[in-house]
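Below: one protein chain in two forms, given as structure tokens, structure 1 then structure 2.
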Structure 1
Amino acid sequence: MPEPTNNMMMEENDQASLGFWGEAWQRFRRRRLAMLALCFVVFMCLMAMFAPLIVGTKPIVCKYKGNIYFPCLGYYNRSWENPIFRKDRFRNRYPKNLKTKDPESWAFFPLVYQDPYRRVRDGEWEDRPGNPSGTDGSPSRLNWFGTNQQGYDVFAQMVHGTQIALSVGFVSMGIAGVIGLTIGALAGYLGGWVDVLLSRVIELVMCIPSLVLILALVAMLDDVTNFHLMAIVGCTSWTGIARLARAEFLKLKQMEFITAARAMGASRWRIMFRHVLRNSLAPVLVPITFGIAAAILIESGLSYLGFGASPPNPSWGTLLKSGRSTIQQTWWLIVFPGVAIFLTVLAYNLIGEGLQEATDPRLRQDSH
């Protein structure tokens, strides 16, 4: 009866171990809240990436004087908007200028014709009134989330602000992750005087208050961008990650599989980054996720206090700030960005918590 035996063996092969990450993902998937949070973050990422296609006053694509252009790229980088439109004195008013300067032209505009950096004026789009200003800009058909006191559309600022919120989190924690893991790995794996030295460096950096650094930088630079803030947050918030990574490396380097790798002649760097690092990533991901949430809060807080990126800076914190002075009249300036910040930070925290429970055997609900 060789066949059944073979079949059984094949079945066993099919159900081969999923590996650490596979198992973690499976466990993570079972947590509905964490999955919901993940979907929310993915949705926000998509919104951030395609913000100029969703809201904007520059066409996504247009044909002008025989050529095809993508003026909406100007939202990503000023120089990506073809200079022909400046030369032809469009002055950021596309709908009418396209028609008058080239009757043959056509254009696809974003879903919502609004701009995060300026007020849409009367008659920019045929028969369409300009945005209301002052405290009159309550949510309406043309301004879904209302307008701020200057008449900037809140929805447009929220959508474009997503780019800031998400990039602040990812970039700063990306920087922190790289620094933290490298330093932690070196300290934990090499040990000895390297460990002593790096541990002191970690302690030193922990003493630097990032807020003070940011304020100093804002005072020094003429044009403060969100990337400056991200860099500082990243460069000062890696210490927790480094400490965790160091502990993981200390623990893992004693394990048998490392000894085995060493016996097989693997180089020190190969062991560190191929074998130990992969296995120490899980616990490190958790502080990174929480760090993203914290970075978003820092950025919003700074913008709220007026120390954020140079204006016009369509960040959620800026919106909250503008709502503060007229809080009794303009609830929409508080509620929408407030909810967005709350949900995003909550989502990251839920993901972090889910990750923690999915990767830490002691916290597994099914571990008993």
Structure 2
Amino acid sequence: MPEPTNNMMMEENDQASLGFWGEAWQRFRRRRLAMLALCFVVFMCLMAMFAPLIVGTKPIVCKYKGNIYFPCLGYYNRSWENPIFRKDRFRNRYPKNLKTKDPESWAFFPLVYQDPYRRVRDGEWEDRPGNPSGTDGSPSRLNWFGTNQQGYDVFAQMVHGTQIALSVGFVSMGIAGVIGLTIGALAGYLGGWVDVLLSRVIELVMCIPSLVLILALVAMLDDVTNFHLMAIVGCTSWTGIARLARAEFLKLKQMEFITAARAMGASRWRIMFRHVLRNSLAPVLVPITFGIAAAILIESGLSYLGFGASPPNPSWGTLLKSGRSTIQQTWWLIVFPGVAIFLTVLAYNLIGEGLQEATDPRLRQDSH
């Protein structure tokens, strides 16, 4: 056999010094589609974080009666908008009210003057016409993605709807990940009657149709919020994570480094959460990534069927629902949110496939 060259030895040393996650990141970066999908998700996250700065009718920052305010924070939480504007009866009409009630005031507005929760009226912004409604609200220079039947701007709803789409995915799978990892870890590491009991619980939950359970729970709630959807989706999506975590714990607890930790006197809980858990996270991240895509589809489907969060709710699924009855006349209510849902779900699936290939030890061995 040929002797290894200096370059080959240096490459092996670099990979060894990187560690598992560093090598996995290098393998992930070689997959162009996965990296493109990751960039798309990062872009969506930035859009969700800075949605009130991109599109809205509330100033980003303004000076009113000698004080500086940030009314756009009201899009994140209504209580964050200073009560002085409600006291002075602005009614979300800032441009004219600022000039009328305080001639010395000034304000910086978002890039696009549209609101996801109401219709922009005639003359609100420098004699600009109001939003059309119904079938007249096709895409135009003022309404890039058109308007819905009530005259709400679709572009504004889609930008602010990214907050709902991403939060439902991340929070619901965060809940599912915590439940699944905990139950899977206890079942796999403790074994015995604990494993038998928890395995039966996992199988029982798997036998219940998740969509039927979600619809039943939603029907019991008078006022459905996005947090309710996150909790319901998270509490019904943990079984796959639990089974995978159980299998990883069953395998890892037989490893030599666990035997060494026991010999050194480490407690059972320290071994479980300090040594075994962090070594089992890599394969568990893959179903969590796929689960985020599934959670977005579930939320969109529930909103489309009318079981989503109560209005006002600028969800992509709600936009699809508003265009369902007039699909031939209001095609923009179907095309734009449908494309957004498709691209977002596709991006998460591509990231999941990239993670699976980057963290699979068999593929790492094949590459060497």
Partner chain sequence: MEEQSFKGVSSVLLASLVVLLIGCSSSTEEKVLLPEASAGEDLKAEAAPSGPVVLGNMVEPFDSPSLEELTASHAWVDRTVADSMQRMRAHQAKLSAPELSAKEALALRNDSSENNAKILDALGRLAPVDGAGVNFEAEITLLAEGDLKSTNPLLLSSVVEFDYSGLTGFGLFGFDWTLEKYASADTVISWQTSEDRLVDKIIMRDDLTWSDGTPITAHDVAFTFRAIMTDQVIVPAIRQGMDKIRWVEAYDDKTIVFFHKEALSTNDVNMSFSIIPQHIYEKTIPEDPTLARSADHTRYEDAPVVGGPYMLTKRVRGQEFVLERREEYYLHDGERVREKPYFKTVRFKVIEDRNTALLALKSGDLDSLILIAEQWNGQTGDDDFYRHNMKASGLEWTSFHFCWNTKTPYFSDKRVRQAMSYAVDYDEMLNTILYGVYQPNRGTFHPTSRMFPKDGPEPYQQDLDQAEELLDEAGWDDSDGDGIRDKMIDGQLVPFEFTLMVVNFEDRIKIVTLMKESLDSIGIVCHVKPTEFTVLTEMQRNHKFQAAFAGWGSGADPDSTSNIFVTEAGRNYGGYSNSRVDDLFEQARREFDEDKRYELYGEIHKEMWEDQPYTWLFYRNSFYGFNKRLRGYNFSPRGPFHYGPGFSSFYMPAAAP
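Computed from a predicted model, the values in this text were never measured in an experiment. By rigid core we mean the largest C-alpha set that fits within 1.5 Å across both forms. One-based numbering along structure 1's sequence throughout.
Between the two isolated copies of the chain, the form predicted in complex with the partner chain corresponds to structure 1. After superposing the rigid core, the C-alpha of residue 84 moves by less than 2 Å between the two structures. Residue 122: CA moves less than 2 Å between the two structures after rigid-core fitting. For residue 221, a C-alpha deviation of 2 angstroms or more is recorded between the two structures after rigid-core alignment.
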